[in-house]
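Presented as structure tokens, the chain that follows is alone, the form predicted alone.
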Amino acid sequence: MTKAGDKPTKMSKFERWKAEKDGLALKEELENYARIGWEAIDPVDRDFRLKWFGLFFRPKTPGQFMLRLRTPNGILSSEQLAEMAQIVARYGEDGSADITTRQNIQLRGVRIEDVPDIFDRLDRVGLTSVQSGMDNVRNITGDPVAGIDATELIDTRDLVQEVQDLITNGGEGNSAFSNLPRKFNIAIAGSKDNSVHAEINDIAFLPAYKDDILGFNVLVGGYLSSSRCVSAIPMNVWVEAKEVAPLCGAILTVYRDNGPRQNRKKSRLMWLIDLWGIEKFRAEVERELGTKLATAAARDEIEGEKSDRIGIYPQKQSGYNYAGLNVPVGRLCAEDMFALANLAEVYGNKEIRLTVEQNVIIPYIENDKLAAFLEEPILKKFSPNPKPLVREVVSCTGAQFCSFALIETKNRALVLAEELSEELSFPEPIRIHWTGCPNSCGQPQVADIGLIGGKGRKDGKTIEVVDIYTGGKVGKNSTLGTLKMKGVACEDLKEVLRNLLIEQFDAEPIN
């Protein structure tokens, strides 16, 4: 193993690039890059280090970048969403936004010459993109109905913000955590339904009582990748809310200084835990903290199935409701973003919330405004009562924008969901997740049906295919799906999915 700052016996190109210059150092060079243009930027800076500021160069759309923001707990103001809309509107048909599976927003079509102005505008409305890509902690997820759900146990909003501020130095950038061995995910659950998909995070906090005090049990090591998919395991630790951020800092420090770096496919936190064992890992974290940690509570408070929060629900605040709106495959254009910001302004408290299912929640709708809200034209597109399969479909970016994707996902996922919803009826919701390559950005392993894109051969020609996984479960007793079919041609996929839905998920044809 190699500690941060040391040179491993065999240094990967990524570790060499990080050793040569921290990605955060590019902050002083953004103005120059805007002046000289994308083609003149050093390729390592353009394709690699700019990701420390959430800027992802996209070879499929030369000259355009994807900008990944940080939206802790998935909460935005209407002003922030409208500012994003203004940014992507500038780029016409090239501009759009995606809601991600980490309650986040990614803006598309961004040009490097506009970046200094964009960053100034984002800063004015309290948004940052710092440390949102590569070997950093990604957007921190929390309960999407934190503070408004009558059944919640812990309001996660302040805790998520505290962790983000620790990691990013209040959004200014923090070199203490800008050179991890690999990417890192943190989730804090506050309700009983595991709304954050705790099992696929490097650190996850689940509400749990110990001696009648409500705190969190801690899971560690979960992740999905092209080479390995593994559920997080218990750390045998229980913490109070005030200990959440310090524990995150200690775990990140231990991982930073001891995590394996030679092989990027074997550098996520679980590989360090495998090497040490959970007892040694816990002991090293305690050493870093300078204190002993309490052992885990006997059980956590996660119960039943996970709610998708689509529909109209009363809040714990008397006289108010929140509306969960389905955003098919998470894709937004500028006009959509303006419309959603306006909904929050007119009917709510100027707040928009994002979910890990790539959907939107508008909170604080007064009872006497609800009827008018439901008549708003944008709800025909973003429905609180969508078609069955459209309701639960999740998709990665796909081949339209992502050079890693081997198939197009978003458009195909939506068409198939709409068509099959018209042809079949379902006794209960069925979650279908798409990902365009084995990197699993669409999280197919946690779905009832998961599809992973690839390439195959048919009649001597290269074609788009998918591997189909089934059996993923979220909520209580969550589990990852397993391979059901391999190399299914996308041109045959509708009939294959139709049969699978009937045979395994009790769907029935609509006469």
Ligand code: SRM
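Each residue number is its position in the shown sequence, starting from 1. Because the structure is a prediction, the values reported are computed rather than measured.
If you look for the form predicted in complex with the named molecule, you will not find it shown, but the lines that follow are about it.
Listed stretches are 119-127, 338-346, 401-409, 164-172; the contact stretch with the named molecule in the predicted bound form is 401-409, by a heavy atom cutoff of 4.5 Å. Shown without its partner, this chain lists 194, 217, 178, 100 as candidates; in the predicted bound form, only 100 has a non-hydrogen atom within 4.5 angstroms of the named molecule.
The contact with the named molecule in the predicted bound form, taken as any heavy atom within 4.5 Å, belongs to 397 out of 326, 397, 78, 321. Although the partner is absent from this view, residue 56 contacts the named molecule in the predicted bound form, with a non-hydrogen atom inside 4.5 angstroms. The closest heavy atom approach of residue 281 to the named molecule in the predicted bound form falls outside 4.5 Å.
For residue 210, no non-hydrogen atom is located within 4.5 Å of the named molecule in the predicted bound form, even though that partner is not displayed. Contact between residue 223 and the named molecule in the predicted bound form is found at the 4.5 Å heavy atom cutoff.
Contacts between 439-456 and the named molecule, taken as any heavy atom within 4.5 Å in the predicted bound form, involve 439, 440, 441, 443.
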